[in-house]
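Next up: a single chain in structure tokens, the form predicted on its own.
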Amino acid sequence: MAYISCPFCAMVCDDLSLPLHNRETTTPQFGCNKADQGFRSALQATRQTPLIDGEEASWEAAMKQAGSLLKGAKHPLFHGLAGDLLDSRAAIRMADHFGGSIDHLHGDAIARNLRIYQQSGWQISSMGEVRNRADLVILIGTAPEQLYPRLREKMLEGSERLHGDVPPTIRELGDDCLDLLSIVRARLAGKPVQQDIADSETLIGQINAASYPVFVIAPLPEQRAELIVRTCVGLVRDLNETRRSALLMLGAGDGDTTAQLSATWHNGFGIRTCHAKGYPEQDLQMQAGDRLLQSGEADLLVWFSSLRCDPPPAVAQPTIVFGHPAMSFTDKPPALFLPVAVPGVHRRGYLHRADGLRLVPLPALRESPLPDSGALCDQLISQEPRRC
């Protein structure tokens, strides 16, 4: 058996085992759709050669082409970052060396939450604390069990708890719950409401009866997300005046927590930071990747995606892709595609769990000739003089 950690969802489960046959991994069947699909795709991937404009090329020619594109760019955007800690660090080093900006595939959600945190602060919990202490979990978000297939097994329904044997009561609100949460917050604060919702009485009763209610928030539709999160932040703050309550933001995965934490560690701010002036400068709106691409301010897209097979967005700018070896292109291929090792399958790696409190090691499953993005980026940095 090979004991592994799964990098393919935000929970980063570290209790999986994979059968071996004659020292080769067999078809993965973990009982988790995301793990099965992620490991199968990486284990079956065969591409080991780069592509220049869709045509196979040598690594020497590909790296020369990458250096030429980076040298000619005035404002490269290092985007995607759907990878592990080593991928994120590589992208940040590149942005610092070549004077570009960094953003993540889920940058809108990261920026929204960071903005709320910066303005008002919040009280958060961890996955372990929810599992061991929460007696009421109010689950908010779009299809959380599709994003985190083992959410109930790992955190919500386990009977082995450090503080009691009874799993928490789970109240699912979905993603259309802003009115309900607003009314519940107002009523708990003793304020009048113009129009009540019948369900509010039940939820207030559950919150009042709980010793430690936790609001677990999965990804939300963008048009409702900020108001829902702000309402939950305020509701938790109100409850903590007299007792204990907390939030748990689960994120969307794809290395979003890892990218934000590693960028904060290296540049002091996180994603949506520009290095063009020789020092890091964050602007959550102006440095949004989509805005930089649509406005034409970014003239080169450098896309990192070692965990996802999806191709990068179609943009007018030339694109360099440090990508999953199973990535394919049905429309226009990028200017340059560099297949890289998948962390936790072809190489060792590290990934932050959804609550950001634990950095989970990802052992390699098999030897692979695929390079890691960090080594390729170091080579590009060493062969091009520093711009700023």
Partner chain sequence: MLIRLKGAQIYDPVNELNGAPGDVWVRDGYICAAPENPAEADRTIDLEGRILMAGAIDIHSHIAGGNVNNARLLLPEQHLAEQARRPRFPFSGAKWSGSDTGYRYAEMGFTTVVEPAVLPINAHQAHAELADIPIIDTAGLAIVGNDDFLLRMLRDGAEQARINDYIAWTLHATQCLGVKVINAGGATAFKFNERQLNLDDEVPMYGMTSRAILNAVQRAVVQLGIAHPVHVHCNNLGIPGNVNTALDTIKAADGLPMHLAHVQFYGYGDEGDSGFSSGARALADAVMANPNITVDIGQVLFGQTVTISGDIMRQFDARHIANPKKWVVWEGEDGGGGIVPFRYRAKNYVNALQWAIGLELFLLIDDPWRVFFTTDHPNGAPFTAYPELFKLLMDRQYRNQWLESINAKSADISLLRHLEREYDLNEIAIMTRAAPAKLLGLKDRGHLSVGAIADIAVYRPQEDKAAMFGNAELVLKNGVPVVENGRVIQVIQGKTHAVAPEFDRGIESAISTYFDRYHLMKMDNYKLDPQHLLETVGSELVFH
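Positions refer to the first chain, counted from 1. All values reported here derive from a predicted model rather than from experimental measurement.
What comes next is about the form predicted in complex with the partner chain, which does not appear here.
Taken together, the three residues 3, 123 and 163 all come within 4.5 Å of the partner chain in the predicted bound form, as judged by their closest heavy atom. Interface residue among 203, 86, 288, 249 relative to the partner chain in the predicted bound form, by the heavy atom within 4.5 Å criterion: 86.
The partner is absent here; in the predicted bound form, the one residue of 235, 92, 147, 292 having a heavy atom within 4.5 Å of the partner chain is 92. In the predicted bound form, none of the heavy atoms of residue 106 sits within 4.5 Å of a heavy atom of the partner chain.
Put simply, residue 378 is far from the partner chain in the predicted bound form: not one heavy atom of it is within 4.5 Å. Taking non-hydrogen atoms only, residue 254 never approaches the partner chain to within 4.5 angstroms in the predicted bound form.
In the predicted bound form, none of the heavy atoms of residue 113 sits within 4.5 Å of a heavy atom of the partner chain.
In short, of 186-194, 67-75, 127-135, 304-312 it is 127-135 that has heavy atoms within 4.5 Å of the partner chain in the predicted bound form. Of all the residues from 49-84, none has a non-hydrogen atom no more than 4.5 Å from the partner chain in the predicted bound form.
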